[in-house]
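Shown next as structure tokens: one chain only, the form predicted on its own.
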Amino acid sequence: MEFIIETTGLTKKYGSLVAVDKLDLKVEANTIHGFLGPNGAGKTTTIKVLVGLLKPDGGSVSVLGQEIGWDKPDVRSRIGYMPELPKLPKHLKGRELLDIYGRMQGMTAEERGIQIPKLLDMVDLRERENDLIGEYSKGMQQRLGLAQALIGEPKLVILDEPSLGLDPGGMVEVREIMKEMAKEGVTIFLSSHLLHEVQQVCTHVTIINKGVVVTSGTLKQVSAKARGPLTVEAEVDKLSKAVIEKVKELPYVTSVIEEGKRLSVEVETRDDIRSEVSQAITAGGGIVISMNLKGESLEDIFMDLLAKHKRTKEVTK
């Protein structure tokens, strides 16, 4: 298994404040890895260490198979990076900005002439490439920031809150761009507080709190570590005792609560069993109008694991 990012005992302090506390982090190649945590958890500090903007106070940091350091600009040049709320020069045109970044990467004029149009097409800015950045909307500036992070065809792209401040349409656009980047073989390390967005785009997740890892793994692995049961909530037409009895017959159902046309079905598995519940409702003569699974969202899991981590810290004090 190839790790694009690997830290061991990574520590970063600001005076007496420990922002990152012996952090062990592994990011597999060819994944979209979400990096989550509450405000002040140490996400941005970790990212700044990974891209060489901050020097760690302890531990080791390996990126793209090499230990990163201030004396290794060749490693840092192979990392694409978009900071939180990138401040792009408004007096430049979109294409001009990408051309400047291409020159900084050491790309030839021919290489820039090939890659820049492709990036502008990817972020849907080809028709606005000669407009001033100051005339771009926030969403367009975020998309241009993603394009500059891809200059030089990096194998790793690190994004700090790429959807911050965007409207729902802009979030969808950024999400689709990230998926397109992943198809091109780019590993994406994504820090975000928008858990719904992360759940829709990421394959792996690491949750940190107060500078330490709470949990890490695939979305399914992280979900399995969450406490508490799942609840299937269904709106049912022709709800009857026969429907309820059929649902209760399912082996993993622990309780069924009826409220009007709604059923709340608590189960003792963390697998998505909506199809089985739907089939039981149909077998009892009911008709499913709508159905959702409560307790399986990344937000539910995030809050549950943070609460568990807090309790553990309090016990060990």
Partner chain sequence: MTQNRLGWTGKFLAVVRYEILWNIRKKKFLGILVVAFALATLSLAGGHIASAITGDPVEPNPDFVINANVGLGGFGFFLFAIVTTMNTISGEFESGTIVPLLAKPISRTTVFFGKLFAAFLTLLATYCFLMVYMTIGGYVVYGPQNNLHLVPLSLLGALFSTLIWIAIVLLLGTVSRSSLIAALGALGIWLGTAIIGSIIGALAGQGWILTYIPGSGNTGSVGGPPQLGFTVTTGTDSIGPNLINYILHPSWEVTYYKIDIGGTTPEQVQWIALNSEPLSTIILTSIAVALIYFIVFVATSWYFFRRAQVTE
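Residue numbers count along the first chain shown, from 1. Being a predicted model, the structure only gives us computed values, none of them experimental.
Keep in mind that the form predicted in complex with the partner chain is not shown, yet the notes after this line are about it.
Triplet S77, D99 and G152 all within 4.5 Å of the partner chain in the predicted complex via a heavy atom: All three within 4.5 Å in the predicted complex.
Contact segment among 247-255, 50-58, 35-43, 271-279, judged by heavy atoms lying within 4.5 Å of the partner chain in the predicted complex: This holds for exactly one stretch, 50-58.
Residue contact check: H193 to the partner chain in the predicted complex, 4.5 Å heavy atom: Output for H193 is no: heavy atoms all beyond 4.5 Å of the partner chain.
Distance check, V172 to the partner chain in the predicted complex, heavy atom within 4.5 Å: No, no contact at 4.5 Å.
E111, heavy atom within 4.5 angstroms of the partner chain in the predicted complex: Because a heavy atom of E111 falls inside 4.5 Å of the partner chain in the predicted complex, the answer is yes.
4.5 Å heavy atom contact, K241 to the partner chain in the predicted complex: No, no contact at 4.5 Å.
Residues within stretch 2-19 having a non-hydrogen atom within 4.5 Å of the partner chain in the predicted complex: Residues within 4.5 Å: K12, Y14.
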